[in-house]
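Single chain ahead, written as structure tokens, the form predicted alone.
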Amino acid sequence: MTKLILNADVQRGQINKNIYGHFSEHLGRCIYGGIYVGEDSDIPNIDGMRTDVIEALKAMKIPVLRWPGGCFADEYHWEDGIGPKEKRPCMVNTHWGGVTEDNSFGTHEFLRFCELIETEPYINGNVGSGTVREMQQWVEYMTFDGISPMSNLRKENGREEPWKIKYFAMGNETWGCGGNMRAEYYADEYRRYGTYVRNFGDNKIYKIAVGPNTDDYHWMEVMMSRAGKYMDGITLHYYTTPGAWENKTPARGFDKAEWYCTMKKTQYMEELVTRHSAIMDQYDPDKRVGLLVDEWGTWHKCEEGTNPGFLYQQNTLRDALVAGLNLNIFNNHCDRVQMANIAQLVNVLQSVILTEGEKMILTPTYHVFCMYQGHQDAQLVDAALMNVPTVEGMDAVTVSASVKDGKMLVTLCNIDADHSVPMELDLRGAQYSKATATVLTGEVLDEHNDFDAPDRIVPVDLACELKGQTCCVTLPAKSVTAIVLE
């Protein structure tokens, strides 16, 4: 029998709610059709934002949302996206499908959307093709509560009061689509741009530097040694791709070998976070600088018949396991990981929501975020697994656990495609009188929701028995489980 020892009185730090963050880019149908349909649309909306999407995201309690990219951020010029929509200039979205971007969704629209879904905005500035002055003026436009050309312009565009903007990044993937820079060059550019991203009034910017792509440990070393004292956070990007990057495989119709390949590649995140954190510890032993995994998730081959530049993929039970595994890793590294943003919010890559005209569905990944919701701002507790079965050289079960408001939340992933795992939870350091559990699983590996069957895969109750200080539960094969003890 697999045993899980839970020490409720041994706490490892607070799980920052921003680990449950999201990412929205001007890419495919994420913004247009996914979030924004315009005020004149027949689809129910508030100021052009889809009402169904707003309600779903509020229910999920999304804490922070990144925008406008991604690669798009470093070709986006914010002044093109303000003022009367009929006067906004168009541009070509060269990174994503070569389509025309009409800039009808800009700064005001994004920040209004954040207000509607009750989330914190995270804005990515343009280093690749922008200027220091342009970035400085954007921050002033959004946050200055005084008399200046930028604040006057904001007021002319209908916003009297400034917004509160906490999270601001200087560039995106400057090692690639954001400029193909060397770490040494970008470290100096970050310091220069960051100098002019100022705090106006009582608005305090959390300054974010571009960190490494996957296992580029040299990049992290250079950034921390040369610019660490000028940053509050540094990013890390890593995507789970079952096939070769150049030859991605479909989101559906895969076999067990590909299932386990996906699980193994996902768990590589553990090594990445551990090794990058070790480098950060050398220069920041007090852990002042947060590690922000602001792009993560699965990247499959696009669905047949869709624009390959739109990155639209179906979302299955396999993606749900990827989400659960990653979130467990981030929770367990909450001493250093202060934010994570799954890519992307709607209709792109590992989305929590898919839309088609007036229709909307919630994906298995959406349900995982809801099941893990109780971890937000909770205290990570000591959790030790014993006698864990293995499958394809990996532990079949991963876990994270936390306490908040007198309740403990335990989240478990069983990656074994064929076998359930009976478990005994040994509860120490606190007394509980009630246990409830929910599970997300399916009949087949690629179980998914679609517009004809939107509730094919949803969380359901799972039997669990609490006797004294012991809770017994059986994790079904290929499942994500959440247990609440109170």
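All residue numbers refer to positions in the sequence shown, first residue = 1. Source: prediction; values computed, not measured.
The following text describes the form predicted together with ligand AHR, which does not appear among the structures shown.
- Exactly one of the stretches 139-147, 388-396, 294-302, 281-289 approaches ligand AHR in the predicted bound form with heavy atoms within 4.5 Å, and it is 294-302.
- Checking 207, 154, 237, 367 for any heavy atom within 4.5 Å of ligand AHR in the predicted bound form turns up a single hit: 237.
- With the partner omitted from this view, the residue of 75, 109, 101, 173 that lies near ligand AHR in the predicted bound form is 173 [heavy atom within 4.5 Å].
- Mapping the unseen interface onto this chain, residue 91 falls outside it, with no heavy atom inside 4.5 Å of ligand AHR in the predicted bound form.
- In the predicted bound form, residue 27 approaches ligand AHR with a heavy atom inside 4.5 Å.
- Interface membership of residue 344, defined by any non-hydrogen atom within 4.5 Å of ligand AHR in the predicted bound form, is confirmed.
- In the predicted bound form, residue 334 stays away from ligand AHR, with no heavy atom inside 4.5 Å.
- Taking the partner from elsewhere, no residue among 242, 260 and 321 has a non-hydrogen atom within 4.5 angstroms of ligand AHR in the predicted bound form.
- Contact annotation for 73-107: a single residue, 96, has a non-hydrogen atom within 4.5 angstroms of ligand AHR in the predicted bound form.
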